[in-house]
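This document opens with one chain alone, in structure tokens, the form predicted on its own.
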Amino acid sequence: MASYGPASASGPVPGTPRRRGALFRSAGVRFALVYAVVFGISAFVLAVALWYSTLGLLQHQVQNAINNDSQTLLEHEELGGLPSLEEAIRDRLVNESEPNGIYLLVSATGQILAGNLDHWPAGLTHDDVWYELPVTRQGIASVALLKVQPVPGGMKLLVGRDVRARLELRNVLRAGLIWALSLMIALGIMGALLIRSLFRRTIKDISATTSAIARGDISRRVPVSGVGDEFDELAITINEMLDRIARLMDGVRQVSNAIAHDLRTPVTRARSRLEDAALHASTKDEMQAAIDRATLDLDGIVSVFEALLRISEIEVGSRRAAFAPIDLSPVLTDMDELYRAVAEEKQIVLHTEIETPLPVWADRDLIQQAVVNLLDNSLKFSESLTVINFSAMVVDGMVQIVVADRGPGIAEKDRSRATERFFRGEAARSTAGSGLGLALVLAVAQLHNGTLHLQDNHPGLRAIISIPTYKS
């Protein structure tokens, strides 16, 4: 037999330090780290996208300006030759229409013909290629984006823009993005810690509740915050499960007590008869009579255990393999013919109304057993010259099988417990039986996704089995 001690040998002992690496084995820590990593990657991708989109747009604008300016100057050379090109460059420098513009026109021998640079920048070796180089413009050091265009006659035209302002903007953006990333990382860590705290608090409540239940405190339940979030749904589900377990355990205790109470009498009676026969029987016939009476008592005990086994099989659904589409009309008609003869012997009228067809997906034998139990109970508790109504019909997509008698019925206060195993109301105390009939009927109805309702028949009992109809 299992026993529960004050602490599990495999669990952590309160107050002892965590082993190295235990922190990262925590599910709460892992969830928090996943959150922080996802948040950090998202922030980094956003920052990089902002960085490249902003600087890329500025770069594209500067390049377009240089290309347009170069094209315009080359058109001057095509229309007016070298003098027109030199004049266009001097006009741009004098009018300062482009204050950041950089121009330099050199001959085939490298002689400066026009422009605002003191010399040809080192490193410019290819035409139609973008360069970003340090230059000296009118004695002021700067950084320029440059492009070389060949001019007929071996000359070269250098056009560019001073990009110091763009570099300063890039530095400002870099600093802003670093601060933004730092803030995002801090927020990510704070969010991760918050998630870890919430996760640990919820799991702690569940762990504390299950630990208390393992120690035998079945009354403990997981606290519900009332927020209505997923943790509350989990807590409610666990609490419902614990309530059902508590009810099942209470049912097991009640069944155990009922078995001990109901079977003690026949076992004691059988033992007494056998002992009496062993001591006082003087003939073989007297001994055989005592053995037969004891055998009848033991057969009753065996039938009780067989009924319990049938109910258990039905409740766990092990009988579903025998399910098939059937029409209950001929099945119930055969039962009517059988019980009509039994009712006539007791001078009871069996009034029957059975519709046809009654299609269901069911186990024929189980349905028969459930209806037999209801009819047996009605005949057992009905007096002579009374009527038992037996009907079956389709109502709102459900096949309803009704057995209504005029017997003592079941008191309203006992009706909710009438389907419990071994429960017997006051009216049934003096009659033979084990109190398992209605429990079996309920198990059969539930196995077929149906219900069993017990109602007052004024007087008597009205039992209704409802089973969904089958649609092929």
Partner chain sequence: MRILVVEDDKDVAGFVLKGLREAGHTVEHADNGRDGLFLAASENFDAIILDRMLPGGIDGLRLLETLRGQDNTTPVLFLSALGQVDDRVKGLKAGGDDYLTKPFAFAELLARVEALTRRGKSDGPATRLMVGDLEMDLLSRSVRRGTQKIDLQPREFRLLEYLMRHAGQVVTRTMLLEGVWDYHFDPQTNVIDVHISRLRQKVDKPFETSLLHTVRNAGYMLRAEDI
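Positions refer to the first chain, counted from 1. None of these values were measured; they are calculated from a predicted model.
Absent from the display: the form predicted together with its partner chain. The rest refers to it.
Its partner chain is not drawn, but in the predicted complex it has no heavy atom within 4.5 Å of residue 93. Residue contact with its partner chain in the predicted complex: residue 368 places a heavy atom within 4.5 Å of it. In the predicted complex, at least one heavy atom of residue 335 sits within 4.5 Å of its partner chain.
Mapping the unseen interface onto this chain, residue 86 falls outside it, with no heavy atom inside 4.5 Å of its partner chain in the predicted complex. This chain lacks the partner; the member of 310, 200, 220, 137 within 4.5 angstroms of its partner chain in the predicted complex by a non-hydrogen atom is 310. The partner is absent here; in the predicted complex, the one residue of 243, 344, 233, 286 having a heavy atom within 4.5 Å of its partner chain is 344. Remark: of stretches 155-163, 114-122, 360-368, 221-229, the one touching its partner chain in the predicted complex is 360-368 (heavy atom within 4.5 Å). For the partner-free chain shown, just 292 of 263-299 comes within 4.5 angstroms of its partner chain in the predicted complex, judged by any non-hydrogen atom.
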